[in-house]
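Shown below, as structure tokens, is a lone chain in the form predicted alone; questions about how it binds or moves come after it.
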């Protein structure tokens, strides 16, 4: 039995609708919810939490129908981007706030707060007011407050987006470990709304892609990023999605795509049309040819450079085939990459997937 089942859920907010959302979350799952701004990700999270009345559908948690239960009766915690801590309370009392509604035992409260605070590396700042904390410390306090009540589901809405990159990296590792180790009895699952694909790669084992109030694909991280089922998903996650004809297939399959031949380790029948997916981060760039284990080595020209977050996205013209690649600003500077520059693209056959 799934831990959480959302069955044909519809929410009507007047100007926005969730439409027939269905998904399941198993114990210990870390589910990332991604999609463009305005796709309904946060509405879905808050509907699960109980903040909106449902127009249709059901929400089942641990076999119990919680569709009409108020938020405090659901066994669900939620963490937001902006922390939402109580400014008049110190760190200890912020963490203990929800726990005090469950138990009056001072010994139990102190034990539980200390345990989760140790997991999140904030047990040394119990006495401090939240106004004195860094952004990373504030978010760890908010997560501790959410976890200390041992929820069945932890919901997180862009929890790291207000933090700098280094803090985000550290917090991902800390949070993943804390969730897994703190509540081994209940096997808490996480549903995490994010715009940052690094959150997905570092944390998630399952991904939901949303668009215009609908779920458009559910799958593993590899499914979503390497085997998108639609042009929308492929474009959103940045996957190169190209179509060609299989020339031959043995240990390695050769596929003609326009004027170039691309090699993949996936098997396909010679003569048929197939769709290939190539992740941008799997493409290595070089100004000169050198030794490489990559089976695909193709000359290209940089057509466009776009900055997204801490990475540069390149649009490459590979003899008429347009491919996307990603590179760090430092690497681009070292390679002298700018629009119009000629270079070589290299990617392994194992990083080319036949998806249709």
Partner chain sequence: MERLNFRILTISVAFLFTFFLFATIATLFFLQKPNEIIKALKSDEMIFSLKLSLLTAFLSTILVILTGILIGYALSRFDFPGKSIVKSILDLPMAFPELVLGLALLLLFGSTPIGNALSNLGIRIVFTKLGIVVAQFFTALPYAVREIYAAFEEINPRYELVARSLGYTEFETFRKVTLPMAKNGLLASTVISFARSIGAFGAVLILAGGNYMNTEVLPITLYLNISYGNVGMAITSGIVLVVISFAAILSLEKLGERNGPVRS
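Positions refer to the first chain, counted from 1. All values reported here derive from a predicted model rather than from experimental measurement.
A second form of this protein, the form predicted in complex with its partner chain, is not displayed here; the remarks below concern that form.
Distance criterion of 4.5 Å from any heavy atom to its partner chain in the predicted bound form singles out 76 from the list 215, 278, 76, 203. Proximity to its partner chain in the predicted bound form, defined as a heavy atom within 4.5 Å, holds among 238, 258, 135, 71 only for 71. Per the 4.5 Å heavy atom criterion, its partner chain in the predicted bound form is contacted by stretch 97 to 105, the sole one of 97 to 105, 266 to 274, 191 to 199, 246 to 254. Contact between residue 42 and its partner chain in the predicted bound form is found at the 4.5 Å heavy atom cutoff. Mapping the unseen interface onto this chain, residue 168 falls outside it, with no heavy atom inside 4.5 Å of its partner chain in the predicted bound form. Taking the partner from the other structure, its partner chain in the predicted bound form has a heavy atom within 4.5 Å of a heavy atom of residue 145. Proximity of residue 113 to its partner chain in the predicted bound form: non-hydrogen atoms within 4.5 Å are absent; the residue sits far from the partner. Contact check for 30, 60 and 187: none of the three has a heavy atom within 4.5 Å of its partner chain in the predicted bound form.
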